[in-house]
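Just one chain is shown here, as structure tokens, and it is the form predicted on its own.
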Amino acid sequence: MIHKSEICNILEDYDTTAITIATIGSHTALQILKGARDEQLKNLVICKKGTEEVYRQFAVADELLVVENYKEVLEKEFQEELIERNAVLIPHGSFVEYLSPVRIENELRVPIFGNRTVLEWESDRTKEREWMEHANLRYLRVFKTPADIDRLVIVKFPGAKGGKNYFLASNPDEFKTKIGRPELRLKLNENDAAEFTIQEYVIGTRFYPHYFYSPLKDRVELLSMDIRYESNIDGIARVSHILQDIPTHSQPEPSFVVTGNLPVVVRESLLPRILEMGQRIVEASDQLFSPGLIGPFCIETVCTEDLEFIAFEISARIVAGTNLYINGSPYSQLLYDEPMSTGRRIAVEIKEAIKADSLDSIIY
């Protein structure tokens, strides 16, 4: 992994009066770009050829760099170009997926907002469970082998692919049948390994609280919250009464590809537990991989009918559900007098770090 001292050496040559907020054109880029502009910081978006019209249409980018493939960002000349612009990269789900956590950790010399060490803990499900356990959160049971399945489970594949190819199974035979589907066999052959996680599936409401940890203020903020809309599982729910009359073998297989996000607020009596979860995750991160989490993160949870929160994933960067709140949420409105999206909150933290001459405390 690139040592932080190397990034700090690069930062020392930056003109902090001309910092450029940069990100890849996908996921939460529009929000990040607008947030930078709202805080009078220059911004830049890196677009894959054919997608640049989105950023021209909404006119929130000061500069567009067009690439044939996002992997070009890792090329030495491209990185040097970003460094010359005093760029600070903002990671998001697509950013991590397209460039890969390993290559970001080991090859990307451009300063990144946050702690790049967290990518190892976010992308490795074993480490992620260790993190949740260290934070004393209740989390979903994980089965080591398909033979252990004795209840409803969801089978997940690695990477930030928005739930693609996930499936449900309730016993070893059902798992064997579904893992043998042609599209999954192709995926496994490409990876040359059967990489998957078998996770208990608990019925309940799925809440995705969006937090922000500021090391400058040593404060965990709850900025917003969402529920994901998934295809085709949410579509099936609308016609469940019709499907009851269709033979089992003819019924559609549920899929969990995220297609959008829905705004939500929880019962106020549940907020203490949600805030406590965020605080515990931050404290555990500092103990496991100091300085731990910096900036935005999300704990993906399910709330049972007994009003118990069970965690199943941690997203250690800005998540797409925050796009609902470009003009702020009911929670951020209680914290700030101006419309505060997560994208803008990132820009605010960078500005405050520049003012305090402590940019290196929030960037790696």
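None of the values given here were measured: they were computed from a predicted structure. The numbering used is simple: start at 1 and walk along the sequence shown.
The same protein has a further form, the form predicted together with a small molecule, not shown here; the description that follows concerns it.
- By the criterion of a heavy atom within 4.5 Å, F212 is excluded from the residues contacting the small molecule in the model of the complex.
- The small molecule in the model of the complex comes within 4.5 Å of a heavy atom belonging to E313.
- Using a 4.5 angstroms limit between non-hydrogen atoms, R206 touches the small molecule in the model of the complex.
- Taking non-hydrogen atoms only, Y201 approaches the small molecule to within 4.5 angstroms in the model of the complex.
- Among V282, I154, I149, I274, the residue placing a heavy atom within 4.5 Å of the small molecule in the model of the complex is I154.
- Here is the short version: of F196, F143, Y166, Y98, the single residue with a heavy atom within 4.5 Å of the small molecule in the model of the complex is Y166.
- With the small molecule omitted here, the record of contacts in the model of the complex names 222-230 of 72-80, 108-116, 173-181, 222-230, defined by a heavy atom within 4.5 Å.
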